[in-house]
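The chain that follows stands alone, in the form predicted alone, written as C-alpha cells.
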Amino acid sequence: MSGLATGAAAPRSAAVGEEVLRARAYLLRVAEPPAPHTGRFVEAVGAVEAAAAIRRGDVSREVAGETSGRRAADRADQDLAAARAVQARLLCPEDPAWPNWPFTSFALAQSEDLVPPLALWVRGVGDLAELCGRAVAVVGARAATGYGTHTAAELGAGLAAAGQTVVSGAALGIDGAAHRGALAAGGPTVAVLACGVDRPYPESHTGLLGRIAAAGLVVSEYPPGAVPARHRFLVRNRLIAALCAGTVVVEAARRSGARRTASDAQRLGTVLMAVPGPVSSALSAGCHELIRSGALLVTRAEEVTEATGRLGIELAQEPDGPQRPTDVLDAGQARVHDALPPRAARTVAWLADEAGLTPDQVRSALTGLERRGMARFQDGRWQRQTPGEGAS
C-alpha cells in the first residue's frame, strides 16, 4: 500500500475540536450510509450529543434501526489513527473546507436516499470546498470501448485546462480515463470511493489513486478498512453527483451504475449531459436514452464548460470547419464566380446578365477575383480559374 501515502495531508482546521472529530468518526462507523434519520438527529442535537445517545441506545426507533447493529463498535480512535497512517483526515461539516454549497442540493431533492454524509474521510492535498467550486463529474462504463476511454480522457484534459475539477469514482474504464486526462493536463481531480480511503480499489489503480491524492483528493464516507460492496457503489454515486455542477455520462448500458449517477444528478437539480456513440453500441444505449429523455448532448469539453460554467462568459466556440477559397468572397464576387464557366470564356455583358448585376458591379467583382487567382482575362473574355492554376 505504499502508493496510498502519496501527497501530504492538509492540516486539520483548528475550528474542529477533538471531541467533534471522535464523535463524527464514531457515527461514520455505526451508521451505514445514507442513514437519513441519523443525519437529521445529528443536525438537531449536534454530533457529540448524538453519538453519546446512540452509544446508550437512547434514540428513536428510526435512528436505532440505522445504528443498533453497530453501536457498540466504538473504533473512533483506531479509525482516526488508521487515516493518519495513510496521510488522510476526517473532514466534518464543522470544517471550513466542507462543501456546504454543493450539498445544499440534497435539501432540494427531498428524498430519503439523497442526503448529505455525516462526515467524509479525505486523503490528499486539496481543499474539498475549493475543488468543488467548479467541478464536473465524468462517469461511465467499466468495460468501456476505446472510443469511450479516449473521449473521457479528452474531456478530463479539456475540463482541467478550463480550470474545472474532474470528479469520478476511480473505477476501471471511463472513470480512470477521466482522472488520467485531468492529471495529464496538470489539473486537480477528486475520486469518490465506495470503500475506505486506505484501501485501493481497484487494486490496479493503486498508483492512480496516489497521483489523484497528490493533485486533489480521494474521498469516502466509509471508515478506514471498509470493503467495497455493490450497494456502497450505488450509495456513493449520490456524492459524485452532488459535489458537481453537472454530470457527463460518456458510455453506459441501459442498466448501469453510471445511469444511477445520472438519475441522482437529475433529482439533485444539477446539469445532466451525455456523449452520443455508435447506434449499434450497447455501451452507448444508456447515453442515447438519456439524451432522448432531455440530457444535454455534448461532444467536447468546451460544451460541458458552457453548460456548467459562468453564465454568458464560458461559451463554447464553434470548431473550425474546412475552409474553401470561396468562403472569403463577398456577395457580388460570389455571384460572379458562380456565373463564370469553368471551361468557356464569357464577356462582361454575358456575366452581368447571368449574375443579375450591372456591368460595373461585374467588373469590380472580376478585379477582386483576378487578384485572388479565381478568374482569368483572355482575349476580351473572362473564365473561371482555380487558385494557383496560373502560377509559374
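Heads up: residue numbers just count along the shown sequence, starting at 1. Just so you know, these numbers come straight off a predicted model, no measurement behind them. Heads up, when I say rigid core I mean the largest set of C-alphas that superpose within 1.5 Å between the two forms.
Another form, the form predicted in complex with a further copy of the same chain, is not on view; read the next lines as being about it.
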| query | finding |
| --- | --- |
| The single option of D74, D127, E303, E94 touching a further copy of the same chain in the model of the complex, heavy atom within 4.5 Å | E303 |
| Residue among A107, A184, L297, A81 with a heavy atom within 4.5 Å of a further copy of the same chain in the model of the complex | L297 |
| Contact label in the model of the complex: A229 to a further copy of the same chain, heavy atom within 4.5 Å | no |
| Any non-hydrogen atom of A282 within 4.5 angstroms of a further copy of the same chain in the model of the complex | no |
| Contact test in the model of the complex: H288 vs a further copy of the same chain, heavy atoms, 4.5 Å | yes |
| G277, heavy atom within 4.5 angstroms of a further copy of the same chain in the model of the complex | yes |
| Interface stretch in the model of the complex with a further copy of the same chain - options 184 to 192, 259 to 267, 147 to 155, 211 to 219, non-hydrogen atom within 4.5 Å | 147 to 155 |
| Residues within 4.5 Å of a further copy of the same chain in the model of the complex, restricted to 184 to 221 and counted by heavy atom | none |
| Core-aligned C-alpha movement of R381 between the shown form and the other one, 2 Å or more | yes |
